[in-house]
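Take a look at this one chain, the form predicted alone, written out in structure tokens.
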């Protein structure tokens, strides 16, 4: 477990800022305790200082996971967010999409969001922007990337894609052996 290098931090924060923008500051500058991002086996973990101090006594090979996994670096040094970061993304998201009940299962099976499934969308959401996907009862279901801006979305046909699927809470069941 080690701090992120300057290049890793840049790639990680660029990816995270697509979803929460300047709200990254709220993850780092907290009033309750000091929190850190640490890298362990190409995965980025978010943890408190107290938890990090306790982990020092565990060997690197024996340590499996620590804190909240925000995602991992691929072999090509790109960063991929994991669904385990959804609680923090939902809390600080700039742009949101709510889907109708008839589209929830479709999204949770890993499909993109169609115009027919769209309930609401945050005003002035740009194209290719990271969004958090909610059910109509404000339960975060996952996150994705918008295919069109809010203005363009109003003109689409019901079968056109509004947002591309990135991750959803159904991944816990579909990929439970690779997430942790």
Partner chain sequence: MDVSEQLETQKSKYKSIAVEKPIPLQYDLALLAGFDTNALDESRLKNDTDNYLKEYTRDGTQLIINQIFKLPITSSDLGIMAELPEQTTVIPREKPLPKPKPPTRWERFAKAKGIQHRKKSKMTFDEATGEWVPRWGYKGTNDDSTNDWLIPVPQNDDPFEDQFSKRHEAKKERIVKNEARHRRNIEDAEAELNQSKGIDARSLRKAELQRQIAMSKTATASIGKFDKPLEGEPKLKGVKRKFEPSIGDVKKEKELSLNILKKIVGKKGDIVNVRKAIAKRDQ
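Positions refer to the first chain, counted from 1. This one's a predicted model, so the numbers in the text were calculated from it and none came from an experiment.
Beyond the structure shown, there is the form predicted in complex with its partner chain, which is absent from this document and is the topic of what follows.
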**OP:** Give a yes or no on whether every one of 112, 119 and 137 sits within 4.5 angstroms of its partner chain in the predicted complex by heavy atom.
**Re:** no
Original post:
Using heavy atoms and a 4.5 Å limit, would one call residue 94 a contact residue for its partner chain in the predicted complex?
Top reply: yes
**OP:** Tell me, yes or no, whether residue 169 is in contact with its partner chain in the predicted complex, where a contact means a heavy atom of each within 4.5 Å.
**Re:** no
Original post:
According to a 4.5 angstroms non-hydrogen atom cut-off, is residue 128 in contact with its partner chain in the predicted complex?
Top reply: no
Original post:
For residue 61, is any heavy atom within 4.5 Å of its partner chain in the predicted complex, or not?
Top reply: no
Original post:
For 2-17: residues with a non-hydrogen atom within 4.5 angstroms of its partner chain in the predicted complex?
Top reply: 2, 3, 5, 6, 9, 10, 13, 14, 17
